[in-house]
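Next up: a single chain in structure tokens, the form predicted alone.
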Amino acid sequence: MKEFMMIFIGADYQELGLSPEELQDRMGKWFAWGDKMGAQGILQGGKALVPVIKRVVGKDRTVSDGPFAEGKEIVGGYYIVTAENADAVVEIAQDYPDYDLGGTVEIREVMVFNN
């Protein structure tokens, strides 16, 4: 089995103006999805990220605060999952709760270095 990072990209819930009920329903979907993967033994971990962004760029290490002009989408969090291959993770990603909000799941295999 390989490890993959599922990176969740989408709009900030606060900027969308979700009501407390909508937010609670959305979080329930996230918890159910995480519980499903946990029961299958494929979820290795993950975290949600706050939308405050700082970037350090280039040889001069220029520091800037977001949001950035590239768009309003943010990396909202990630999961680490185990699967045979990226196609299996695409199947896992079918239950991502934020597709209806225009969300995206980016799937990246975790690189393994052998000493």
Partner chain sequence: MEHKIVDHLFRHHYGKMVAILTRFFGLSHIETIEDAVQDTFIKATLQWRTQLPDNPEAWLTKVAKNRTIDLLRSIKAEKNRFQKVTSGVSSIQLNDLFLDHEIEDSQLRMIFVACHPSLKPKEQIAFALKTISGFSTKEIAAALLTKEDTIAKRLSRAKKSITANNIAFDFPPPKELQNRLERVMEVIYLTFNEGYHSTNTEKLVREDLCGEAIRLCKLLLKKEKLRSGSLYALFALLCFHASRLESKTNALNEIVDIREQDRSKWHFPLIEIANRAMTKSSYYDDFSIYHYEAAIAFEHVKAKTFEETNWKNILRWYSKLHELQPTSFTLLNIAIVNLQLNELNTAKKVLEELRINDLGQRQYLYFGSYAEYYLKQGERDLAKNYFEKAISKTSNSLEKEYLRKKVERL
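Residue numbers count along the first chain shown, from 1. Values in this document were obtained by computation on a predicted structure and should not be read as measured data.
The following text describes the form predicted together with the partner chain, which does not appear among the structures shown.
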**Report entry** Distance check, E91 to the partner chain in the predicted bound form, heavy atom within 4.5 Å
**Finding:** no
**Report entry** Any non-hydrogen atom of V105 within 4.5 angstroms of the partner chain in the predicted bound form
**Finding:** no
**Report entry** Contact of D100 with the partner chain in the predicted bound form (heavy atom, 4.5 Å)
**Finding:** no
**Report entry** the partner chain contact in the predicted bound form: M27, any heavy atom under 4.5 Å
**Finding:** yes
**Report entry** Residues within stretch 18-35 having a non-hydrogen atom within 4.5 Å of the partner chain in the predicted bound form
**Finding:** L18, S19, P20, E21, E22, L23, Q24, M27, W30, F31, D35
